Ligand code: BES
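There is one chain below, alone, in structure tokens, taken in the form predicted on its own.
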């Protein structure tokens, strides 16, 4: 192994400058007007892989945004690791809430990141994290031979449901063959408490429309006589939870995984300060399903949340209108044993059943995925655990995450490979929100840690 500390010290400013350049590219996959920038980001990613020493670097077109592939095969007898990441980012809206331009990265100190953090859309999710792997690979290439064969698959549609990734994996199954998939799109508990994500929630994402009169109406002339779709939609959404914050969709909890008291106790042993949690979020009280702690609510319990709601007049000033339609986007985070396709049908049936006759409803499914739980007794997990312990000086805690990476279950099904979720972000890094950021400590610590994973994984596979 190379001297990681000295190589990082000599090259960390260059690593940072290169990442800042990538963050300036507005690779928003959800908005067609950024299609050119998404393609430019794919090409930039490919070029960095070439410069780092990868072979067979190629940008594969899909029906949507491109997928970048690269590899370095040194010996068919050693393990093969497939690195997965995504170069696309969430929309930056609302722009007025950003303290600096979302695609004009700046470095500022925060309470959680006293050494500084990069503020930009995609800094943590996932440009900063996938780029750690590119730079770690560059470091390992300085001392041959590599301990493992390494493949990279960096996609541009994760933030819109990885629409074309499953098809790509099926078509390129032989090319992507590997022993394990290594992913950094998750986080750690805090910078003094390393952790490895061993579970992710699934997802079921829906859009609903409530239709009332055949046109917008004058709210004075018709108000009180015709159903207002926005009022009706709000009533319907409110009814989706009971007074214990349990979801009222019939059959929703039928397949929810039962978690043992022992595992719940272990989950709640992780460092957690409720006052600090509320202070960071700017709230005076927490809300969630009765009978569960905050750690449990975000890790092992399913949820239903409105992600957006609109209708009527929302421009400047006033317009006394009774709207003809109202809309909402609703996501459900699922836990192991829940089937997103089944939940989709249950939700649609329930939502249609609670609509009053005064309106019509339309329910559209967008995308979803299954929850996953990764074993903690595998060689792959033990290698990641040892790598984190080497870099942080303490053994990482296994932790279930509240987010969703639907393609993890797909990798297991199509590539027959388990995934290791070794992320370095923090919950407070504001991913998907204005002022997203990623700590310099975390960026460099990831680059330091990743080569150890390859070293220990190769050693353990030999035994």
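What you are looking at is a predicted structure, and each value in this text was computed from that prediction instead of being measured. Residue numbers count along the first chain shown, from 1.
The discussion below concerns the form predicted in complex with the ligand, not included here.
*Asks:* Answer yes if any heavy atom of residue 398 is within 4.5 Å of a heavy atom of the ligand in the predicted complex; otherwise answer no.
*Replies:* The answer is no: residue 398 has no heavy atom within 4.5 Å of the ligand.
*Asks:* Can you tell me whether residue 380 touches the ligand? I mean in the predicted complex, with a 4.5 angstroms heavy atom cut-off.
*Replies:* Residue 380: no, not in contact with the ligand in the predicted complex.
*Asks:* Any of the heavy atoms of residue 311 lying within 4.5 Å of the ligand in the predicted complex?
*Replies:* Contact check for residue 311: no, nothing within 4.5 Å of the ligand in the predicted complex.
*Asks:* Residue 123 versus the ligand, in the predicted complex: is there a non-hydrogen atom within 4.5 Å?
*Replies:* Contact with the ligand, no.
*Asks:* Which listed residue (413, 51, 432, 394) meets the criterion of a heavy atom within 4.5 Å of the ligand in the predicted complex?
*Replies:* Of the candidates 413, 51, 432, 394, 432 is the one lying within 4.5 Å of the ligand in the predicted complex.
*Asks:* Of the options 154, 210, 200, 117, which one has a non-hydrogen atom that comes within 4.5 Å of the ligand in the predicted complex?
*Replies:* That would be 200.
*Asks:* Among 63-71, 433-441, 32-40, 401-409, which stretch has residues with heavy atoms no more than 4.5 Å from the ligand in the predicted complex?
*Replies:* Single hit among the candidates: 401-409.
*Asks:* Can you tell me which bits of 144-171 touch the ligand in the predicted complex, meaning any heavy atom within 4.5 Å?
*Replies:* Contacting residues: 158, 159, 161.
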